[in-house]
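Heads up, the chain below is alone and in the form predicted alone; it's given as structure tokens.
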Amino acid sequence: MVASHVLTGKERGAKIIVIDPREIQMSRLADIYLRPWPGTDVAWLNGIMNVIINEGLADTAFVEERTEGFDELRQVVMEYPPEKVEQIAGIPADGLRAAARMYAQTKPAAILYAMGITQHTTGTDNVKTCANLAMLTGNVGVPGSGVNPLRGQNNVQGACDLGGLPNVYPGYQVVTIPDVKAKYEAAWGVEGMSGKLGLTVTEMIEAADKGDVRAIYVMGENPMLSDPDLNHARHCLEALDFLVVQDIFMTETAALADVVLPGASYLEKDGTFTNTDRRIQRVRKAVEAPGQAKADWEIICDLARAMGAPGFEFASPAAVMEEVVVTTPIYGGVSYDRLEAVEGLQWPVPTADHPGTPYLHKGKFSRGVGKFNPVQYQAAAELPDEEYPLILTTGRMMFHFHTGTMTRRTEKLEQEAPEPYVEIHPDDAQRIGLNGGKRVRVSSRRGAIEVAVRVTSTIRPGVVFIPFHYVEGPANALTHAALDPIAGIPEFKVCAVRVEPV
């Protein structure tokens, strides 16, 4: 859906730069397409800033008036001339210079990224470096600019907004701040709430292996297909004393559960979704849920009351929202009545008469001035060697969604993409002696799978790609659980593999 807006922009004269290890469909429409090695994003981003500073293309007024730390940034990015970046990332020096000039001289300019930036051991560094580039060119706080993470699912933003993270209460209020903790204790009528950070998903799995976590409650997620190093993930989940899964279908994870709670799909419940541009929108029930299935909020409230918890006497999702607005400043002016009258509100919406915020950081940053965070390039946790000579990168495809829980039950979509596959460059196919073969074995230090093979020049030599949607050829049986030390996100986008004809 975001791509459709990019294409409309292209028709109106916008320039498109695509930087991706694979030649995706958008690459064919791009004014500039660059193909780096997976895991080298900090290097080429620093290289682009090197060109912009050396050629006098930075927005000096914006840098001087609205940022701090520029001298430290300049010192680091001067270490990344285009020729050095070419050696690290495989991007031709002249191509990097052309991209730097186009981005800096075409304003406003927006950076759009998805999991290819974040699913690395240096994912946080990658995001900081994107922010550095946007601030260096003044592409923050004006319409059509900014750093725009494209959420992979329809309500990821809303789940994060309302506390679905281990370190914050709703509205990104940090759990370690005493005043925030006291506010929620008063609002919820409880005492002694923990002021400690919780565990990320991957940290929970490791804690289960050690016996530090004894029970896990999984809602609408399928870690038995989406987690890295699946064999290890299965071992950890099977080590639990108690596993609960709440979902709309029996997933691979639900098959391991002690209790399965049947949830309702989006068509079977009322509520809100918040999308990637912070737009809060109403979801309206269209049909009754089948059998014993219930909306997630109802299941949670039933369970909480059964456990003796106070404050779960909500009559509807609208009543839940009424509590949210009292404790969550960025949602402070949201109500179901307002959402009925408009096509969504973009937070922050601090008051009932506030129109919402189409774009962030207008005039100033939330911290006052924007801070440059210079970052040095670090290589991925696992690189190719003689035994495993290729880089595997994983991702999505057009016809299936995430772990296929819904799309692989949809006949037409399954007809379009019925089996797992690996993309490999013709040079690599010839090197391994494929000779027209249709199937290969892909192995890593963690496991092996057999899949169909697609020989294509859309991927660079030395790199292979596998979509992660298929239980019969799970890409994440190969990936490893090396984590970003700050965000705790696994490095799904880089690991070393071997490919052999079957």
Partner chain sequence: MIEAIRARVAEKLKELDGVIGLRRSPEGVAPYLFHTEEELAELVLEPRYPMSSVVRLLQKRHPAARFGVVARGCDVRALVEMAKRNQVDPERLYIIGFTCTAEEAEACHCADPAPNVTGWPQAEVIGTPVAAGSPNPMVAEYAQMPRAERWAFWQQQFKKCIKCYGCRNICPVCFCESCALEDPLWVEPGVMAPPFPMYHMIKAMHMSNRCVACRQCELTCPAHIPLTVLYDLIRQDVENLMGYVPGADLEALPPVPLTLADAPIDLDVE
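Positions refer to the first chain, counted from 1. Fair warning: this is a prediction, and the values are worked out from it, not measured in the lab.
We do not show the form predicted in complex with its partner chain, though everything after this point is about it.
Novice: Taking the partner as it appears in the predicted bound form, which of 395-403, 102-110, 355-363, 75-83 has residues with heavy atoms within 4.5 Å of its partner chain?
Specialist: So the stretch in question is 395-403.
Novice: Using a 4.5 Å heavy atom cut-off, are 22, 34 and 234 all in contact with its partner chain in the predicted bound form?
Specialist: The answer is no: none of the three residues contacts the partner (heavy atom, 4.5 Å cut-off).
Novice: How about residue 427: is it within 4.5 Å of its partner chain in the predicted bound form, going by heavy atoms?
Specialist: Residue 427: no contact with its partner chain in the predicted bound form.
Novice: Given that its partner chain is not shown alongside this chain, does residue 7 nevertheless sit within 4.5 Å of it in the predicted bound form, heavy atom to heavy atom?
Specialist: Yes, residue 7 lies within 4.5 Å of its partner chain in the predicted bound form.
Novice: Taking any heavy atom pair closer than or equal to 4.5 Å as contact, tell me whether residue 210 reaches its partner chain in the predicted bound form.
Specialist: Because no heavy atom of residue 210 falls inside 4.5 Å of its partner chain in the predicted bound form, the answer is no.
Novice: May I ask you to check whether residue 284 falls inside a 4.5 Å heavy atom distance of its partner chain in the predicted bound form?
Specialist: Taking the distances in the predicted bound form, the answer for residue 284 is yes, it comes within 4.5 Å of its partner chain.
Novice: Considering 387, 71, 179, 340, which brings a non-hydrogen atom within 4.5 Å of its partner chain in the predicted bound form?
Specialist: If I apply the 4.5 Å criterion carefully, the residue I get is 340.
Novice: Can you work out which of 94, 419, 238, 416 has a heavy atom no more than 4.5 Å from its partner chain in the predicted bound form?
Specialist: The option sitting close enough to the partner is 416.
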